[in-house]
Ligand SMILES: N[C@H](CCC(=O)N[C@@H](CS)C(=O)NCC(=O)O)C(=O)O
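Consider the single chain below, provided in structure tokens and representing the form predicted alone.
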């Protein structure tokens, strides 16, 4: 089933959908929205689609309208991944873990994402509180990925990537835009590198392809993007 994405190129949440579609080799229509400075996402036509006035908005050919990014990722996996690896319905324990990390992704948006909006677009926030929250969630992610590695698992919920990894990837990778570098998070750097290595990976401003980066030497280089 085809879809249309109301899209802003600098949005980490919009990028999640573009990235998931690329990994699944799915074509779609993209409609650019003037988020800043135009505030087009608050215009009447878009508010009719999404009264919350947020991006992205996904509409399908059968009239479905999705306004929550994590739901869009699940919809894409359900519609376009016959292997059921991105949304692993064959494993109840793993699907529970995936849902948990989809919730965690919302915490990344509310902390790292908000701090990034402050840094880039001067959005008013309590910088001290939001930056503290951002560091807390990144430490949680670092701890989990470290534990996964001890258990010989490379991804958030198992030995293959799922929509949970895609949901958590953008705002983790974009944290330097918010003034939080990755030097203190080696497990996160390894995970970001693995995601960039996936067939079909695409970039957005602030997130680069592997060939643009220094090759990691045992993932111990102090590099904000690895």
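Numbering follows the first chain given and starts at 1. A quick note: this is a predicted structure, and the numbers were derived from the prediction, not measured.
The following text describes the form predicted together with the named molecule, which does not appear among the structures shown.
With the partner omitted from this view, the residue of 60, 43, 54, 160 that lies near the named molecule in the predicted complex is 54 [heavy atom within 4.5 Å].
Residues placing heavy atoms within 4.5 Å of the named molecule in the predicted complex fall in a single listed stretch, namely 68-76, out of 85-93, 147-155, 132-140, 68-76. Under a 4.5 angstroms non-hydrogen atom cutoff, the named molecule in the predicted complex lacks residue 97 among its neighbouring residues.
Contact annotation for residue 123: at least one heavy atom lies within 4.5 Å of the named molecule in the predicted complex.
Taking the partner from elsewhere, residue 171 is found to have a heavy atom lying within 4.5 Å of the named molecule in the predicted complex.
Residues of 81-114 that come within 4.5 Å of the named molecule in the predicted complex, judged by any heavy atom, reduce to 109 alone.
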